[in-house]
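Consider the single chain below, provided in structure tokens and representing the form predicted alone.
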């Protein structure tokens, strides 16, 4: 009888809430998470803004909470939409000093369309110009009325900078989660969503996934939009290797055969199911790696017909979410009357020879985000007269391309490769470090900029202060000859290092 009573009273395990942090750019979302986690993610973000989705699990006295941090810049609309669909609760961060802004409204709409409850965190209450009451009035116009005023929305006043109100915010999140009665079944095969995906040079395709139900284990086979993966390794949000991950846990997974897509749902499957799926998709190639030849033909036809100036672009980014955000933003610029942008190919990973040749045939340019082209790719681009522009802050990229479409891009300096040398020996003369080198390509040029490369890593950058041939000072040394090179600003040079020399030219 006791066993029966126990089984009747048994409830499914309570699931930790997954919380998405949303709001306008620079309203303090990442800083708020930093304050909660007592870490410093903000300092590592280029330009001070979040540019990828991050997922973190924290422990509180009341229970665990998983946070998804979404970028606030309007370029990341699609990423925020994915975040809302993957979440149980949205924390809407609004700066008390600025109030409701365009992306604040956008975040509210995403949460409402996903039917996810919203908790409002009024941030920056420590500032003299803070006006929380004004924020509450503005949010009333968008259907968010404070529970204390008779509404259904929970509000918290916080200061991420001063770490005020954080305990109250966490308690409010756990209270909302309790009311939602979130449940899970850790014993079933895992199901979840891909938060982000990228190609790691050393590890291949990698995906950050959020387990929504069940448990994911090493060697599990799962499918995400026809992408079969066998879990080779898993890492938690702190980078520690783990063997299994339960509900509401974000993990980085290695084992994909090709690049997954951010936003894909996934589930663990059997070996038989995996074989059936692989049969159907064996001859298909992932869209990230298909060169759109038909697009080029269509492009030339449109140019001929419409007699309109078009700027063909190839977009390469480090991760899928960023690539999508850039493409979406640039497509908005395509409505200019003076020039139209045409994205003929977009992908994730390094800039390849095929990207350069495609850009050449289309008379276009290559845009790289958070990736740097290799030296051989730079030389090929220069030889084929293809421009490569690289960025690490998205709004700078968008501004420059917008100016380019209107013919307003101001002159700026671009690198031009001069030559490459290999260090054969290193010696000192009167405390000056001299590198005895063989010029492998191009020429060594006095006054040129230089960087020292060791095992594909940049050791230092400086300039060529002097060149010597048989103890004579010279201004340049050509390919195939040996010489002594002194570098200003670089004190670490070893045998087998490479020295890349370049100059900066003003380019309109």
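Positions refer to the first chain, counted from 1. This structure is a prediction, so every number in the text was calculated from the model and none was measured.
Below: the form predicted in complex with a small molecule, not depicted.
Consider the chain as shown here, without its partner, and state which of 448, 452, 31, 483 has a heavy atom within 4.5 Å of the small molecule in the predicted bound form.
Exactly one residue meets the criterion: 31.
So which of 426, 417, 127, 327 reaches within 4.5 angstroms of the small molecule in the predicted bound form, heavy atom to heavy atom?
Of the listed residues, the single hit is 127.
Residue-level question: is residue 227 within 4.5 Å of the small molecule in the predicted bound form, judged on heavy atoms?
Residue 227: no contact with the small molecule in the predicted bound form.
I'd like to know if residue 207 sits close to the small molecule in the predicted bound form, meaning any non-hydrogen atom pair within 4.5 angstroms.
Heavy-atom contact with the small molecule at 4.5 Å: absent for residue 207.
If you check in the predicted bound form, is residue 121 within 4.5 Å of the small molecule, heavy atoms only?
No.
Closest heavy atom of residue 24 to the small molecule in the predicted bound form, within 4.5 Å or not?
Output for residue 24 is yes: heavy atoms within 4.5 Å of the small molecule.
To test your reading of this chain, name the stretch in 155 to 163, 428 to 436, 142 to 150, 370 to 378 whose heavy atoms come within 4.5 Å of the small molecule in the predicted bound form.
After filtering at 4.5 Å, what remains is 155 to 163.
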